[in-house]
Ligand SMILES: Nc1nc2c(ncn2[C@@H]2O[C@H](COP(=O)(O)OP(=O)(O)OP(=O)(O)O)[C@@H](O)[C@H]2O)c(=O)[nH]1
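Shown next as structure tokens: one chain only, the form predicted on its own.
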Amino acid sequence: MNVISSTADAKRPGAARIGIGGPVGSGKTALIEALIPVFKARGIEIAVVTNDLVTKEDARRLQAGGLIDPDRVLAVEAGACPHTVIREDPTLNIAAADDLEAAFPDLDLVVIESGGDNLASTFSLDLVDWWMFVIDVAQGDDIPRKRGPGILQSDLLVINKLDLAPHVFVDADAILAEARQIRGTAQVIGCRCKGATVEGIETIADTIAREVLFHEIPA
């Protein structure tokens, strides 16, 4: 099954579908929470499909957070390795995204969050048009060097929790530079999703708007 980066020609009619993958605790749900108000301010209508192993924990968190209509969040319980339902057999996620589009015809974007998985996690392009992979500095500065498919093949690599770098003895600038060197021309964005000052969220939203929704971003 093809899991290499998508192109504009692969985009299906209707709402665009993007994937967010990454290890447990890297901040995937927090990133969605940070992006929702940015998209809302731009008039971009979104819905979310979450994936957990045998619970609906992430979906309940988003539904209770007050940032999005709870009906616009659906949960998929993978029941097996998280990458199974985003890559080998994505039919549960496809059905959930289809249900959201049927219920909300105004949708511009469906965000599909994978369950926490390892660096080999990738999304089937039968499921999404474009996908990002989220790691965080607390996992160590050697993560980009491990060169897993999530690091190399994602359309966007997000390095989260930059504010934690001094506390875990990681040089944030160095890990960003190394990730950019490893990925070549593929984009890398550092971010901070929580706290009094967020960082990188507008840039991530710009990237999605430009590369997925084909919006022109003012210089």
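Computed from a predicted model, the values in this text were never measured in an experiment. Position 1 is the first residue in the sequence shown; the rest follow in order.
A second form of this protein, the form predicted together with this ligand, is not displayed here; the remarks below concern that form.
Note that among 169 to 177, 182 to 190, 147 to 155, 55 to 63, the stretch whose heavy atoms approach this ligand to within 4.5 Å in the predicted complex is 55 to 63. This ligand in the predicted complex comes within 4.5 Å of a heavy atom belonging to Pro23. In the predicted complex, at least one heavy atom of Ala30 sits within 4.5 Å of this ligand. Remark: Asp163 counts among the residues lining this ligand in the predicted complex, judged by a heavy atom distance of 4.5 Å or less. Among residues of the shown chain, Lys194 is one whose heavy atoms approach this ligand to within 4.5 Å in the predicted complex.
For the stretch 111 to 149, the set of residues having any non-hydrogen atom within 4.5 angstroms of this ligand in the predicted complex comprises Glu113, Gly116, in sequence order.
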